[in-house]
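Same chain, two forms, each on its own as structure tokens: structure 1, then structure 2.
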Structure 1
Amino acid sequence: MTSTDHFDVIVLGGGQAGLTAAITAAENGASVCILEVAPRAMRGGNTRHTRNLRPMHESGAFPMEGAYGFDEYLDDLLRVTGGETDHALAELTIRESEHAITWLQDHGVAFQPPLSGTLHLGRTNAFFLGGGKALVNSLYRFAANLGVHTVYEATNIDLNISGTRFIDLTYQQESNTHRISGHCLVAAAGGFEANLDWLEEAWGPAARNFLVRGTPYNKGNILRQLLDAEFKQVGDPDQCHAVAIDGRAPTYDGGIVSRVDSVPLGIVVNNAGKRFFDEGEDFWPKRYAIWGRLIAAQTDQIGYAITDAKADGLFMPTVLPPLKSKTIDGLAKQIDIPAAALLQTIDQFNAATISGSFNHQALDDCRTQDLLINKSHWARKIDTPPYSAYPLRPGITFTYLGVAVDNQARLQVGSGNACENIFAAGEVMAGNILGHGYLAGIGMTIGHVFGRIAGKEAAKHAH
């Protein structure tokens, strides 16, 4: 074991939230060390796979299009969460997000014009030039110039917490054990989505059919230790950001490119050939995150997104091409579901379709009527070959179970009581704001806002 190193602030996790906390703490005069469990080439956690964040803004200055004010933002959040949020922390997040673009630009991050397609995000979300990997590289570069020390492949981190106060920790690297102490700890090490055993505790055997589209390194080690130390828990183990992704994606680390965005433009059936939810309920960014949970509830945790030629080119291109056939019968054989059942479902859907003015960029008047499950918008007959199908599986991005924090990002130890020197940012505390549902880009917003708060408060406490 090496001699004990000491820092003002130790940050656990090298994704966007941890990097933001580290940079902010260093800019406020603190000595900072980041412990990153991944190797350097895989650093950044789930941030590597991101494309944008959702900032409040009152003008349409680049890279935004139009205004997205506080009231509209809060209304969107309350709608997707069903009100399951800490209102004070949610409002803090939204208000502070107004400064996110300027801060990121000042720290080397570049932006690009918004992407088009079924995302409808040009007005609400700011897209990183080069995606999340470019953002991660820019922030690491800035952190290094500030003197932030980063340790990669820091595994088996073991926290020494006395009561509710962080003392020091040990970690392993290349079979060697190291100890470091710090005035403050910032937990930004993510959730437990890559821990299939823990997912199975919450979801049952169905979890074994889940795909993890994020980093394989988020096993929940730090979260488990904080909960075992009896810091206040927030969120439920079975609540998570779970989207429908291509069922052919890898078990881990498929990333955002594994998502399938064709759902609003067609129908989704289970392996019995039956529809089970309204594919056109609302704009895709507000509803896409419910589809992982919907697929998880189906037999064998699989579904199929069915479209015809009219949908081609109207959604984000996918990495893997769809399965295609000139006939519905041929498509059913490719995806191994009963052809008669799929034909019946499509015939009933086509017969119930009410023609209107199709516009996939608006809540149009193309819908169905008299079906057990109607489609509210963007309903068009599936009658133009070739027909396409994407197999869908639940793709877990991040989990909502976490630790409760206050408006200074301090961990909570009871009603109205806060820990003295442990702070949290990012996924490990996102459940304070996201008790249920998801709003595209808000995960990165939470990480940014609370990363800055945690870094500032930790440096202040250290001094």
Structure 2
Amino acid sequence: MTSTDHFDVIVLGGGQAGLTAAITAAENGASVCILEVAPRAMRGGNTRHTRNLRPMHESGAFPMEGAYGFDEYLDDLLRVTGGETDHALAELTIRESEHAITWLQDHGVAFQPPLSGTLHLGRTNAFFLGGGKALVNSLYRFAANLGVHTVYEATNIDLNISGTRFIDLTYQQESNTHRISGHCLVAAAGGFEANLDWLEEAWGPAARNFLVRGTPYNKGNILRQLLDAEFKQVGDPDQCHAVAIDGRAPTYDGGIVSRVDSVPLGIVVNNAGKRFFDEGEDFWPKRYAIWGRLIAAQTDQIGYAITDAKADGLFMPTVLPPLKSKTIDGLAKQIDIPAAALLQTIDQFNAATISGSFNHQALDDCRTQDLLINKSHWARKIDTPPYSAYPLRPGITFTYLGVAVDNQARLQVGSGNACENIFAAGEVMAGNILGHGYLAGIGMTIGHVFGRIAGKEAAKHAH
């Protein structure tokens, strides 16, 4: 590429949002270039790790079951966000999500029935056949066929913004600097969840003990430049989606397989051997996203999920086997917490369980009473060796801080006006709709809907 290259639309970031924007812009006649920081083999950001999105639908046509209408969807979204959402954009997202499956199918993405263990999502979530990387590959293939130009390993992107207008940018590739200009820019480079320094600004030193579930490449460099250029911000830097994952997972990119689903079947203690939250409050898929924060609040950001032999085989298999011991004492030694404290916690817990009929597939009546922190369901005595422990760490999925956009995906300027030629899609603007909480599949849905809007508007603007 020479230093004078010019494109109608430059897309920053080649995850789902960027690819969708690039394809839509190209289909609307624009010349498009995607700049992606990762090498080809690691392209696709967090989208690589996803498995589904959440489309509104009335028909139950494949791969969906039943119906999931507008009102129910909106209720769900309002409930999880506690109202922290831009209503108009939320409604727009939900309405547009209805076309997501057909659009993706038309662009080479295949779907499958809900994965085993996720049957409860069959009505609300559409699963990609082969997962997110299959989707990413299909969209890249489609984009290439449309003539979209993709540059991998484009590092140190430096935006030249004059006032509120994007002029051009430079980036480096293999230590050469290139400059390209564009009529429009689409920012789709994800959040800053892989940037531990930035997380530390918001979370303090605790952030050093976070594990990053997704790509190591989402460092937020583009978001930072846009915020520094005084575009309007949404969300707080310390808002993020964080779940409890196996503490032994890799620092980056562990993805779905680092999950530990044994929490509701036993107890969770901190490294003082004390419980700190109701493990049986609700079904794990509904609760796992609060446990990231709960563990982040413990000393050294670590917890231990402890179960006895009765729980074996009742939860999804894990990659790494649990630490096991025939005695509580032995287990305490293995996980290096005070044995006396752990014994006391378990004795108290066991004494407080009231007998009921255990059913891990329903909100059963096995609970504890008279504890400072009771367990509401699935509370059974921890008394059958061997005992198992999984170390738990906060695993950060994505951040919510982003740039504010309007219904044309255009960045907002402080004074309430829209920027002319910079658009945003995906995680970098998801905070407009999801200011708080999480709804399974909403991330990809926002990326899809705003990717299409950004691509279309950018192409329109370029002509």
Partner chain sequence: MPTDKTTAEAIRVMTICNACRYCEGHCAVFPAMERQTAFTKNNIEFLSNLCHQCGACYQHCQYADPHEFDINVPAVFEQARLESYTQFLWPAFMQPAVLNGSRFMATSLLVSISLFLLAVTEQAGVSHILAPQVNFYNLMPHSVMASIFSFAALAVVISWWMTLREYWHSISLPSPWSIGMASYSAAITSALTLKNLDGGHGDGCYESGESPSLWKRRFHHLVLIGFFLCFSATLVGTFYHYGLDVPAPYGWLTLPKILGVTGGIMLLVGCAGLFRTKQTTDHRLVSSDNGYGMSLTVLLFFTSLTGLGLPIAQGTGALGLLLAVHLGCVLALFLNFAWGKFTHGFFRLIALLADEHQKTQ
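Remember, it's a predicted structure, so these values are computed and weren't measured experimentally. Structure 1 provides the reference sequence; residues are numbered from 1 along it. In this text, the rigid core denotes the largest set of C-alpha atoms whose superposition between the two forms falls within 1.5 Å.
Structure 1, not structure 2, represents the form predicted alone. After superposition on the rigid core, the Cα of Lys219 moves by less than 2 Å between the two structures. Residue displacement note: Phe210 has its CA displaced by under 2 Å between the two structures (rigid core superposed).
With the core held fixed between the two structures, Pro285 has its Cα displaced by at least 2 Å.
If you overlay the core, the Cα of Gln334 moves by 3.8 Å between the two structures. Once the core of the two forms is superposed, the Cα of Lys381 has moved 5.5 Å between the two structures.
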